[in-house]
Each structure stands twice: as C-alpha cells, then as structure tokens.
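Only one chain is given next, in structure tokens, and it is the form predicted on its own.
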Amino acid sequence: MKILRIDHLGVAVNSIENGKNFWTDVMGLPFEGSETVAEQKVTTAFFPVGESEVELLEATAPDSPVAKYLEKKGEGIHHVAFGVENIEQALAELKEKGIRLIDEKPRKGAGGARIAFLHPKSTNGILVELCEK
C-alpha cells in the first residue's frame, strides 16, 4: 500500500455555516466550497491547508453516520483520511493484515474521490478513511 499524504481531517459540526466562521475568519483558511453527498447523508465543506484539507461534515438526515456521531460525541474530529495510490490494493492488503473494514469496496465520496473506511476497533479508536482521487 502506498500512502501519498494525509488528504484531510474530517470534522463533524452541527452547522457548516457556524463552523465555517472559525476556519475562515479565525484560522484564515480559504473556503473551497461545499457539496452534498446524498448517498452518505452529509454535506461537506473544504478548507485547503497546503496539500491537505480540513473537511467539515454536517448531517443531512438524523439517521446519518455523522448525526449519530454528533449525538454520541458532539462536534470535533470525526476521522483522518489518507490519500492512497490504489484503494483496492490498499483495502486488500489491510484485510490480509487483519484490519476490520467498514467498506469492503470503495464508494463515492465528495469531490469525486473513491473512499473506504477502516473500523476504529482495528485502528486504536480512530476512524480512518482511505481516499483515491
């Protein structure tokens, strides 16, 4: 598996509009835009930082994974995403190493990326996302 970079940090927020103020006004990061990913019941907003980004995640439905996360843990870091060269190869390698996968196959993410999540029980409590752009 070839990891290219930390692609982004996912931050769960109750409101992108409120979260956006901190990242733009206080931290001085440019707002790159937002996108709703209906399949995942989430709206995302991106703030570039060098080769990486901060991604805000706002639930669009009460049964979405982000809504459940917010209900349980409140706002904060939701996941760390690593850009990989070949997501299918990475998933196969991780599965072979005994890592529990949430996604056996990649699915569509924001920005046209192909994504897959690793279960936090296999990653010391951190939700890890792999993404291929």
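Keep in mind that this is a model prediction, so the values were computed, not measured. We number the residues from 1 along the sequence you see.
Beyond the structure shown, there is the form predicted in complex with a small molecule, which is absent from this document and is the topic of what follows.
In the predicted bound form, at least one heavy atom of F117 sits within 4.5 Å of the small molecule.
When the small molecule is considered in the predicted bound form, Y69 lines it closely, a heavy atom lying within 4.5 Å. Within this chain, K95 is remote from the site of the small molecule in the predicted bound form, having no heavy atom within 4.5 Å. Mapping the unseen interface onto this chain, G112 falls outside it, with no heavy atom inside 4.5 Å of the small molecule in the predicted bound form.
Between the small molecule and the residues V49, A38, I102, I99, the one pair within 4.5 Å by heavy atoms in the predicted bound form involves I102. The three marked residues, P65, R107 and L127, each reach the small molecule in the predicted bound form, with a heavy atom inside 4.5 Å.
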